[in-house]
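As a starting point, one isolated chain is supplied in structure tokens, in the form predicted alone.
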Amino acid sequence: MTRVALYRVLVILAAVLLLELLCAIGVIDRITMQPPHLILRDLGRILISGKQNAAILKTMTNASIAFSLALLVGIATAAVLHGYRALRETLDPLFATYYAIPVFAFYPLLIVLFGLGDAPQIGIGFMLGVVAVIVNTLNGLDRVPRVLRKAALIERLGAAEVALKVALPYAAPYVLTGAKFAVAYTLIGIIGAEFIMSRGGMGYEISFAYNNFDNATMYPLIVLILAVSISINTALSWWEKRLLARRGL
């Protein structure tokens, strides 16, 4: 474990111990939140009993679909935009201010277009994740050395082959950075949409538990979402560092 990773673990442990202390001395009462060790106990009970399996599966499936679409569409869009400077310069201001737009305001429109099923929720997750992938992929493509592109021209590679065999592989660490953002954004989109209008999923179950003072369900599900997001981002960060280490960076 690196020193930075150790510091991160220590910070998390310190935060957990602080919460334990605040709960033990009554600063945080049991109605507001149970101690962290009880949250973990309740999470174990939920996972073992399987009573939330349907909600967990629904949310994770929709988040996976939204993330996959954001990644594929984002990479493809960035590859195209990088070859058309005028179009990119036109869209750059939109990308820069995109996250100032309240994406959830489009939820009623998505319901009209796709109905009341899972598609609007996936659409919200996709909309939140795709721009992060586009921006970071473009950032990586901008850093591809000119010598690699010249070598590709000498080999008479077409535009698609240059993108797939030269530019995108070189930009992979930056693509992974976009993927890390997309993981968080798509989860936020899916769970937020389940809060607004859904009869299932982890977001709905958290909202229902909150309204019914069911801390034994609400906090464990929140912890599970955090654990999934952190685990995926940790794996992507490890992969990103491996790619950069190969280049001596």
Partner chain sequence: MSQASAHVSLRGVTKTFPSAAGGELHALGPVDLDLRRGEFLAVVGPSGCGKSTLLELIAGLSPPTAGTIEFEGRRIAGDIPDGIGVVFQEDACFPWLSVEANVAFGLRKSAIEPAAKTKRVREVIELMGLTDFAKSYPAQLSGGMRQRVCIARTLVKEPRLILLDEPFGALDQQTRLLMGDEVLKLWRQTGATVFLITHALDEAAMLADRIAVMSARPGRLIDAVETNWPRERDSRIVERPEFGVITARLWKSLREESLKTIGRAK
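None of the values given here were measured: they were computed from a predicted structure. Residue numbers count along the first chain shown, from 1.
Omitted here: the form predicted together with its partner chain. The next part is about that form.
Note on the partner interface in the model of the complex: the residue among A86, L153, A100, L113 having a heavy atom within 4.5 angstroms of its partner chain is L153. Think of it this way: in the model of the complex, its partner chain has a heavy atom of just one of L91, L157, A119, A76 within 4.5 Å, and the residue is L157. Shown alone, this chain has one stretch from 78-86, 142-150, 104-112, 125-133 that lies within 4.5 Å of its partner chain in the model of the complex by heavy atoms: 142-150. At the 4.5 Å threshold, heavy atoms of R3 stay clear of its partner chain in the model of the complex, well away from it. Contact annotation: Y170 falls within 4.5 Å of its partner chain in the model of the complex, judged by heavy atom distances. Residue contact check for V166: one or more of its heavy atoms lie within 4.5 Å of its partner chain in the model of the complex.
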